[in-house]
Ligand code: SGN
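This document opens with one chain alone, in structure tokens, the form predicted alone.
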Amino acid sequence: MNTRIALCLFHLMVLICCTSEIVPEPPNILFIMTDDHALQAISAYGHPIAQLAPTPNIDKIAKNGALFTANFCGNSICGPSRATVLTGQHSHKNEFMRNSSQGFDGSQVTLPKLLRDAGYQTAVIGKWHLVSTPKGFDHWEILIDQGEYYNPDFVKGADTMNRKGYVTEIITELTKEWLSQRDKEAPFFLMMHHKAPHRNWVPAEKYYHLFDQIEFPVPENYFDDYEGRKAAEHQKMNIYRDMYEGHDLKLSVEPGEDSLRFDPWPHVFLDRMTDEELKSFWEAYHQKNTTYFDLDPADSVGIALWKYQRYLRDYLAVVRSVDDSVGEMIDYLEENGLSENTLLVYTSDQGFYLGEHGWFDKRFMYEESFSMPLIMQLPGVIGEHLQIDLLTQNIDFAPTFLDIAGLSIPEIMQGRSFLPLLEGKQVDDWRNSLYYHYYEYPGFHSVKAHHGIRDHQHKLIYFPEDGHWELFDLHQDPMEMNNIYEHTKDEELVLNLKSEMRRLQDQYEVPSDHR
């Protein structure tokens, strides 16, 4: 062989080898999103509630990777948050601002479309809740609307099918089934979306009695009087006043008996159960309900506290099944040689109230619903036991995943990749404030439309219908009980916060009629 040709071939082989070492294989992405999972109910975050109801499998992700302590949504409600994750845009830009919206516009640029165009296999399994057909996915099998806890219906293409069993376990099995049958030569982007722990918190049968003997700590502001917070007075999401006693608290005395006539959905969720499942359910809850019916009807405080414990016990028992699912997925990745090159993400579509201010649900810009849990691992990229305290938001998810996959980030995405934070780098120009906007009013739970900003210490919220402002010092008042807007002597602080809110509205191109 000609020496020059041989030398050229040698250099080409060296170049190929070197290049294969420099350019890593694109990582898989397993994105696990639950619905309404409060970070107070994840033991990695250290809240007293979760110490009594730990989540050891979710905690494993935090031990092996990054725990975000200041991650937030841009609109604390299910569908809009999911639209933001898909688009990297605030609600007014992707035009899915309310759960009651006509449907998500699947023709726009989305994360799964960009990943699929780059060679990823894409799938979404579980809750979708965007009033539309999923676009950009090679495979999808989704719950109808919110879905049911027992024996739920799934839509797959043109087919609707009923699947027997408990929804969290079904979604887990469908996820593993797709992973086993996928094209092994291509990286995957898989959105595993659980219904749980969404209302009405029906546990798996094996966990009906899991926390019966646990007394969960009651929030200091459980009996909040909402002084100085007009919108908080107006809402309808109070545990001891607004929960449905049949549907939510499961207080019917006997199957089929309309003992709670004021409850519009006394037994709706039971219609999904088989006779055997119904028998097991009634045996468990009839026994537990006797303590409620023994209460003095005039004891309003005792009743309110009983309802709190019922809510927490059911909610956290539902979370236990979610944690089991996460454990199964961690094991699956390890057993199939996928854990070293898979970005594993755990989050929820927003936060949730676990009795703070007397509430369940979300929607308000107060911390418990504004905050989103976020935990991620990717060996070789994310160091172990990493804690990220800088302000991040769900508009950042899509840019970050694209960045990790080595792809360019479209200019239309309003978020920013936090990959440098995951790599432990110092980022001096990271954001110092976040924008929030809730639109769904009039609507379920009667939370008035509002928008605002949060920085590292203060939060400013505006309720346009009332012309009402709220200002909180999160260092001095972390429970957000004291609205200091009318009382602060620091006029410069208020002016600076309002100026920053206008700056963010300009940056994110918020229309004038939404300001």
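Residue numbers run from 1 along the displayed sequence. Here the structure is a predicted model, which means the values were calculated and not measured.
Just so you know, the form predicted together with the ligand exists too; it's not on screen, but the next bit is about it.
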Taking 4.5 angstroms as the cut-off for heavy atoms, does residue 36 touch the ligand in the predicted bound form? yes
Can you tell me if residue 127 lies within 4.5 angstroms of the ligand in the predicted bound form, counting non-hydrogen atoms only? yes
Going by a heavy atom distance of 4.5 Å, is residue 194 a contact of the ligand in the predicted bound form? no
Answer for residue 235 alone: is it within 4.5 Å of the ligand in the predicted bound form, judged on heavy atom distances? no
Interface stretch in the predicted bound form with the ligand - options 153-161, 413-421, 100-108, 362-370, non-hydrogen atom within 4.5 Å: 362-370
In the predicted bound form, the one of 307, 198, 313, 250 near the ligand [non-hydrogen atom within 4.5 angstroms]: 198
Only one of 445, 288, 230, 113 comes within 4.5 Å of the ligand in the predicted bound form by heavy atoms, so just point that one out. 445
Along 278-310, which positions have a non-hydrogen atom within 4.5 Å of the ligand in the predicted bound form? none
